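Shown here is one chain on its own, the form predicted on its own, set out as structure tokens.
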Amino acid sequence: MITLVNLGNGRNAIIRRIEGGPGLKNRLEVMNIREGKKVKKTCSGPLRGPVVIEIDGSKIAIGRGMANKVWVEEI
């Protein structure tokens, strides 16, 4: 398993684990980022910018700190 930050651009994966407290998990869940969901990483911002993912047809930008806590399995 790897984190969203380490997933290659244009690659698909399934979210397997989210590390963090209840606040982080709730915040990600509001954005529909939860375990078992299929996600596609579209790009990463330059110079440690945000990570842009596509989930259920919506594009979402999340910070690298959050993306480092989302563990995925590439498919």
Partner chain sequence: MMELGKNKTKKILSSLKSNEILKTNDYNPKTKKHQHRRRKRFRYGFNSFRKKQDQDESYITIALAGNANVGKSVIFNELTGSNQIIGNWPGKTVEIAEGKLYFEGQNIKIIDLPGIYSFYTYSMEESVTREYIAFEKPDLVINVIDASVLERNLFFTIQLLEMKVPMLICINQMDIAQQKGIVIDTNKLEAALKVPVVPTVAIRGEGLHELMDKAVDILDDAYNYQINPIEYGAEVERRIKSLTRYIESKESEIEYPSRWVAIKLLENDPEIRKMVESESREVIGRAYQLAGEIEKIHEEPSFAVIASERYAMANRISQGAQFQKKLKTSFAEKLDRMVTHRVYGYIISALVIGGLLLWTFVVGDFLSGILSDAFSFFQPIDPQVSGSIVSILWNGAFGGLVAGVTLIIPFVIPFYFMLSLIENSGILTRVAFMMDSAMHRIGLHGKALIPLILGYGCNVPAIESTRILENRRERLLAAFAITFAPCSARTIVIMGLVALYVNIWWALALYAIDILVMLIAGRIAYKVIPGETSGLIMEMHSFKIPSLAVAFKQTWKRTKSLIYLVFPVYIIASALIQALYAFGFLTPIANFLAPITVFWLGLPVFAGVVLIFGAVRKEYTILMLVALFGTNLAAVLTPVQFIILALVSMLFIPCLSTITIMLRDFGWKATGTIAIANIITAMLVGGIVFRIINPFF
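Positions refer to the first chain, counted from 1. Only a predicted model underlies this, so the values are computations on that prediction, with no experimental measurement involved.
The form predicted together with the partner chain exists for this protein as well; it is not shown, and the discussion that follows is about that form.
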Next on the checklist: Since only the chain is shown here, I'm wondering whether G63 would be in contact with the partner chain in the predicted bound form (any heavy atom pair within 4.5 Å).
Outcome noted: yes
Next on the checklist: Can you tell me if I15 lies within 4.5 angstroms of the partner chain in the predicted bound form, counting non-hydrogen atoms only?
Outcome noted: no
Checklist entry - Can you check whether K59 is within 4.5 Å of the partner chain in the predicted bound form, heavy atom basis? => result yes
Item to check | Contacts with the partner chain in the predicted bound form - residues in 28 to 45 whose heavy atoms fall within 4.5 Å | outcome: L28, E29, V30, M31, N32, R34, K37, C43, S44, G45
